[in-house]
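Next up: just one chain, as structure tokens, the form predicted on its own.
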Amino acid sequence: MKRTEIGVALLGFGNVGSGTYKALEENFALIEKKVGAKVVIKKILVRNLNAPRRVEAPAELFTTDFEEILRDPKIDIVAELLGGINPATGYIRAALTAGKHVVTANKAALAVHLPDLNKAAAFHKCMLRYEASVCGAIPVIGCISRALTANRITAVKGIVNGTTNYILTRMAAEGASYEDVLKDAQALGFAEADPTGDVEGYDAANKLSVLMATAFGIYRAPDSFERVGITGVTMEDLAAAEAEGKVIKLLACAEEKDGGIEAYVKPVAVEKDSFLGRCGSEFNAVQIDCNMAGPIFLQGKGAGPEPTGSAVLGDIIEIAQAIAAGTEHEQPFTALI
């Protein structure tokens, strides 16, 4: 029997959750045409029903009870957009166990628990998709896992954290101090009140762990490779790079070397006129080296409600199309590691 409606639950209604909701509302007719069925938000899990919202939604959609979502047979897809490792990981696992497909933007949970979550998805024949977990709207996961699937990936490297790129760009261009630029980044919403995760490289390391699983089919925990943040980058370092025609970027890199995969997150001086050197401000950029297609370059907005919501919704549409076609249990469940 052809499905006319596919139900979605959002876990979280912060920047990403509200951005996803807004994108679905604005493009509802277009998405229905692409899917062949209506894609409808059935429930939104929040901690506080009375909290102020940046995007308005009907009050009856909101709930504080995750079990209500698990019990609802009309919910086919759960989009986990809470962030953090707990309780998000438990919610993802529970949704898969309940036979619901999962979309997540949560690089922290994936970086730590990806092998177990992959196994749960495969065991319960559910799809697990996470395009939005790396570089927001830039389709790097899909590019590697689908468009470049005929290739052997030899290296993935890039600028995957917009906060640090913004800080380093302004420090180099203006001679502004790290402290002053960080304050501006926080005022603009590019940096959190506690920027440790960004500036010390933890966010980039989580994303690199997900990228390695996708590109090389291996799991490397984010604490298993070198991680150096930008707090130690001095004006002298930037000036020395400038004198050589280079600029310092926080790079996440994984490449084949000596029969294994060498990985790191650290500040690196790159040529100013190179692809990565030209990526400035809060933008992200990723270079994928492969044996048949050659180097592939992707650049765009790596964060923000609308770009990240766009990537989340792209995954939701892919799953919804499979459900509408009756092939939801015949799809690849997730990255093979």
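Keep in mind the model is a prediction, meaning the values are calculated, not measured. Counting begins at 1, following the sequence as shown. Definition used throughout: the rigid core is the maximal C-alpha set that superposes within 1.5 Å between two forms.
Beyond what is shown, the protein has a form predicted in complex with a small molecule; the following relates to that form.
Can you work out which of 172, 77, 191, 213 has a heavy atom no more than 4.5 Å from the small molecule in the model of the complex? Answer to the contact question: 191.
Option touching the small molecule, based on a heavy atom within 4.5 Å in the model of the complex, out of 249, 157, 129, 207: Checked against the cut-off, the match is 207.
Is there a non-hydrogen atom of residue 100 within 4.5 angstroms of a non-hydrogen atom of the small molecule in the model of the complex? Close contact is absent here: in the model of the complex, residue 100 is far from the small molecule, nothing within 4.5 Å, heavy atoms only.
How about residue 161 - does it come within 4.5 Å of the small molecule in the model of the complex, if we only consider non-hydrogen atoms? It does: once the small molecule is placed as it appears in the model of the complex, residue 161 has a heavy atom within 4.5 Å of it.
Decide whether residue 303 counts as a contact residue for the small molecule in the model of the complex under a heavy atom distance cut-off of 4.5 Å. Yes, residue 303 lies within 4.5 Å of the small molecule in the model of the complex.
In the model of the complex, which of 112-120, 236-244, 197-205, 173-181 comes within 4.5 Å of the small molecule (heavy atoms)? Correct option: 197-205.
With both forms fit on the core, has residue 195 moved 2 Å or more by CA between this form and the one not shown? Moves: yes, 2 Å or greater.
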